[in-house]
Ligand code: EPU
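Below sits a lone chain in structure tokens, taken as the form predicted alone.
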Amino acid sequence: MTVASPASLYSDLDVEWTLDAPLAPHTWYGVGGRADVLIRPRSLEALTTLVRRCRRDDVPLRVLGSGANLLVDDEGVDGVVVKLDMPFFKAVEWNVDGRVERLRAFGGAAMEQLVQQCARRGVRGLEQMSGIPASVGGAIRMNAGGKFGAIGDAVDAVAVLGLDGEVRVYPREEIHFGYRHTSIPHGIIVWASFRVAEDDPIACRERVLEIFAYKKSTQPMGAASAGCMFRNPTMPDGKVESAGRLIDLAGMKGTRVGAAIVSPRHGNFLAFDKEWNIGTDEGSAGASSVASRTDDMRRLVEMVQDAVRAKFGVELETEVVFWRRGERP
């Protein structure tokens, strides 16, 4: 598929589309190329039909969440990119089935807003996601979380639109939630229900603020990054070690490749220096233009992996997802 391709995949559907769409504004890194077409469905029916047609015509289809865990290649991506940010896919339904023990959020709902809504309503169960930027669907797909727990701790059921265009609901008992991993089959997460409980709204807000304050004090949250770049690895002795600590001990904090830099504050945060410009004395040998910043980050990732491998004999796997033109999603 190219930008000039006929719009037969989507022109008759209830969607909004943008050809040759810039993806950088949709990611936390704020860099990267364009999508052949960015499609925003208004309904589940439109999304289902689009998925079936993409499969029929062998067109690559990617789902763009909040962009908090994504680095798009400078050359962009081919095929279709779907963004679930229309009202239908951002809905949150409280007290599903009339019980306070359940709520349902659709895949495009913002995790940060959902956590705040829960706190205001005195609903406990998702506060561990405080300070973690993600869409609900993206957070569930990778079982996002941190020191205080993961989203899988609260999941009750997940509805997934498969590549065959069928929606299947998977109860919690059929899903394995591991470290930054779930057993949910490939497809688009349409909605998830969560097990929650009533609590004092003041206590809920205080817990959310406590967790957020901890994250703010330990992570460079204002940096142009996508959060932690690497998963915490399992060491030869079987212990899970902090990737940030290994990067620090390998002497990589502050290491720079063009516009990309390992945060001096937290080794597992690889960020872009917005002030980095061609022509500076420091960068004259390897400074980069905006158009090549993703290459800088890719090279820096490899350098960090090489350094940790050489010192500790372990492989660091990226938590951030890389999109490249020509690669199947």
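What you see is a predicted model; the values in this text were computed from it and never measured. Residue positions are given as counts along the sequence shown, with the first one as 1.
Note that the form predicted together with the ligand isn't included here; everything after this is about it.
Out of the listed residues R195, R231, R207, R256, R231 is the one that sits within 4.5 Å of the ligand in the predicted complex by at least one heavy atom. Site annotation in the predicted complex: the residue of F88, Y170, W94, Y179 reaching within 4.5 Å of the ligand with a heavy atom is Y179. With the partner omitted here, the stretch from 155 to 163, 244 to 252, 195 to 203, 118 to 126 that lies within 4.5 Å of the ligand by heavy atoms in the predicted complex is 244 to 252. Contact annotation for the candidate site: G146, H266 and E319 all lie close to the ligand in the predicted complex (heavy atom within 4.5 Å).
Contact between Y214 and the ligand in the predicted complex is found at the 4.5 Å heavy atom cutoff. In the predicted complex, at least one heavy atom of G227 sits within 4.5 Å of the ligand.
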